[in-house]
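Consider the single chain below, provided in structure tokens and representing the form predicted alone.
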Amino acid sequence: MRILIDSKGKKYPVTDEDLHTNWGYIKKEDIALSSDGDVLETHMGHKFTVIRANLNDYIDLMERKCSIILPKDVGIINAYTGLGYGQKVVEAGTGSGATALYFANIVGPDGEVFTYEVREDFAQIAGKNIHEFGQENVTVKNQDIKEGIDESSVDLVFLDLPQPWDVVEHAVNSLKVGGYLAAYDPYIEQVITLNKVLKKYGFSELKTLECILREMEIKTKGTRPKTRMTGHTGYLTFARLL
């Protein structure tokens, strides 16, 4: 997938039509003849750079009907679980497929991601998004994970569900020894219940954290934190099966 980026960083997908923006238009013929790295100008003289979309670019532009887990939280999940190449992941709460794509990118072609989504419309959108990005190591399952996990010897079970504790027993049967369960919860009451159930099933290394991200604003007159920041999104709970 190729995209065009303007001087302010706004991204536009390349289609088989003319690109129309507030800064003018670019003919589809000019876009089709361009190569990655080329700079195209609209009829009003505004410049757009042609690049090959990476995963973050694609997720920014893909179809979605729900919110997604932000990169700041996905990065913490990957780091705290040691997720790596060739591993197997089970996810529940597919949504638009963003987190499944992140996981699939990490585990690579020798790894596998199985993502469960109870809503058929979400599962269809996620399947479309994953297919269009060209990720072939993801299986979207329109199933309720609370009824069971089909996969075994799993390295990570990730739950983005209102009641993740309902899946803990299935995770125990699915995870390999040393594997991780991770859950994303907006409310601390969910975290409290989940921790009680995890302890009941003998999980080790329990920890819950949140990631608060604050970007810096760098100007000629001085540098300071931006007045707006990405604050609380959700609590991340981790537990290891030993």
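None of these values were measured; they are calculated from a predicted model. Start at 1 and count along the sequence shown; that's the residue number.
One more form of this protein exists, namely the form predicted in complex with another copy of the chain; it is left out here, but the text below deals with it.
The closest non-hydrogen atom of Asn105 lies within 4.5 Å of another copy of the chain in the model of the complex.
Contact between Gly148 and another copy of the chain in the model of the complex is not found at the 4.5 Å heavy atom cutoff. By the criterion of a heavy atom within 4.5 Å, Gly37 is counted among the residues contacting another copy of the chain in the model of the complex.
Gly178 belongs to the set of residues with a heavy atom inside 4.5 Å of another copy of the chain in the model of the complex. The putative spot formed by Ala79, Thr208 and Thr233 is fully lined by another copy of the chain in the model of the complex; each residue has a non-hydrogen atom within 4.5 angstroms of it. Across the options 123-131, 139-147, 163-171, 96-104, residues that bring heavy atoms within 4.5 Å of another copy of the chain in the model of the complex belong to 96-104. For the partner-free chain shown, Ser204, Glu205, Lys207, Thr208, Leu209, Glu210, Cys211, Ile212, Leu213, Arg214, Glu215, Met216, Ile218, Lys221, Gly222, Thr223 of 201-223 come within 4.5 angstroms of another copy of the chain in the model of the complex, judged by any non-hydrogen atom.
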